[in-house]
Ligand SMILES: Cc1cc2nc3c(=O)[nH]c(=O)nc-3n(C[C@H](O)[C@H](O)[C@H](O)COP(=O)(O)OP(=O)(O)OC[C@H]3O[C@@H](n4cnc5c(N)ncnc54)[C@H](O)[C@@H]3O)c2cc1C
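Next comes just one chain, in structure tokens: the form predicted on its own.
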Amino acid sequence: MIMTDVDIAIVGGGCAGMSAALSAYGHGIRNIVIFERNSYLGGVLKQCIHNGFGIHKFREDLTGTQYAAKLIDDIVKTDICIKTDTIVLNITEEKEIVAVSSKEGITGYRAKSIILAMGCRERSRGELMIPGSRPAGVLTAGVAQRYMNIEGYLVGKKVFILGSGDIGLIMARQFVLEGAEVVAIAEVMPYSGGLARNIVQCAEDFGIPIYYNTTVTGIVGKKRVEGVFISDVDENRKPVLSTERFVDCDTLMLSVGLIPENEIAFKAGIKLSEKTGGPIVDDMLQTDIDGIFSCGNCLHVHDLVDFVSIESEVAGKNSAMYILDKIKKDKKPLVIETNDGEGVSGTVPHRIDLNKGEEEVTLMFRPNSKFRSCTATARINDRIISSKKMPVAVPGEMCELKINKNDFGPFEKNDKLTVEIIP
């Protein structure tokens, strides 16, 4: 196979991939290629016609399509190479890439640096193991969104929704606006997994009830969904069968979480985090393979696309610095790992090198429960190096805490930087 040499290869042409490419281009790298499996750039943003995007990044209230258009407009002003309708089959530790497309067949690329920006996918009915028949009318929120906003089909007239994630809440509102009835939303947790604003604007404002501590325990129907059985759950989230009742509906929509898309990373031998499902990275967003970076929803699932852009710009910059040899490679690594403490889940980055990268580091994490009037802290043993008071912290909204490497002071080899939430 003839190998094409490139400086930076980016896997994924959504928000993360485009933001990383523009950042690397802005830092002097010109030989950049983006691989995108769809026939267009923008990823899931192209089907998001609701607003709420861009407030942090562009200081504007945009729809997802408008947000994508801004990035695409900037991309086309450059000479960044775009490979749409192209699937990356494999990457190696030597940063070699094998891709396939209908136009070019199987092609090979040799990159100086690779940025992983594949996004995430939805959990399906099969992963939830919901019993019952397999009729038409069972679909995920993202699929429903695509059918309605891109293909122009109303997927149901009487809809029951499992899961109160942001996409599910937003689609509940859209169903009502399109003339359908949303019977209710069931949430297995005692709280919603969506942003507070979406709970209010998409459910409460439209009179859609949310049943907490509730799940779907059966699907009824032959050719089409005729209804579902729902049950309360106990403290271990197991159905209490004595509470089972039938709900009449013709559509079951699943909004039950997102999973980082990392099959390619796994095949390449990149270490993945059990908690986030994404690669284990340092504070430069570099994986455990030298020169391969990760960002966006394939690193950890974000609640706002603005934060995806901001994070991906960091990955793009550091990938450029890696190629330009501006990362301090001569200094011996001085690494401390991060650790989830009480009330915290999925801290990123997973390790911090005090001899490389920027002095200020942003730690991102999710609360594992609801907290009010709490404090987020980062400590080494019993020594707190950073803290921030928060009026409220919920699992549906990512938190961040800034730390400075100059505040670390001395630490032992096996010490960890622990992030926790103190009520």
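A residue's number is simply how far along the shown sequence it sits, counting from 1. Only a predicted model underlies this, so the values are computations on that prediction, with no experimental measurement involved.
From this point on, the text means the form predicted in complex with the ligand, which you will not see here.
Taking the partner from elsewhere, residue 296 is found to have a heavy atom lying within 4.5 Å of the ligand in the predicted complex. For residue 15, a non-hydrogen atom is located within 4.5 Å of the ligand in the predicted complex, even though that partner is not displayed. Contact annotation for residue 305: at least one heavy atom lies within 4.5 Å of the ligand in the predicted complex. Using a 4.5 angstroms limit between non-hydrogen atoms, residue 53 touches the ligand in the predicted complex. Across the proposed site, 48, 88 and 118 without exception bring a heavy atom within 4.5 Å of the ligand in the predicted complex. When you look in the predicted complex, the only residue of 230, 352, 80, 167 with a non-hydrogen atom within 4.5 Å of the ligand is 167. Proximity to the ligand in the predicted complex, taken as a non-hydrogen atom within 4.5 angstroms, holds for one residue of 27, 379, 37, 370, which is 37. Stretch 296-304 is the contacting one of 275-283, 246-254, 296-304, 201-209, since its residues have non-hydrogen atoms within 4.5 Å of the ligand in the predicted complex. Counting a residue when any of its non-hydrogen atoms is within 4.5 Å of the ligand in the predicted complex, the one hit in 133-166 is 145.
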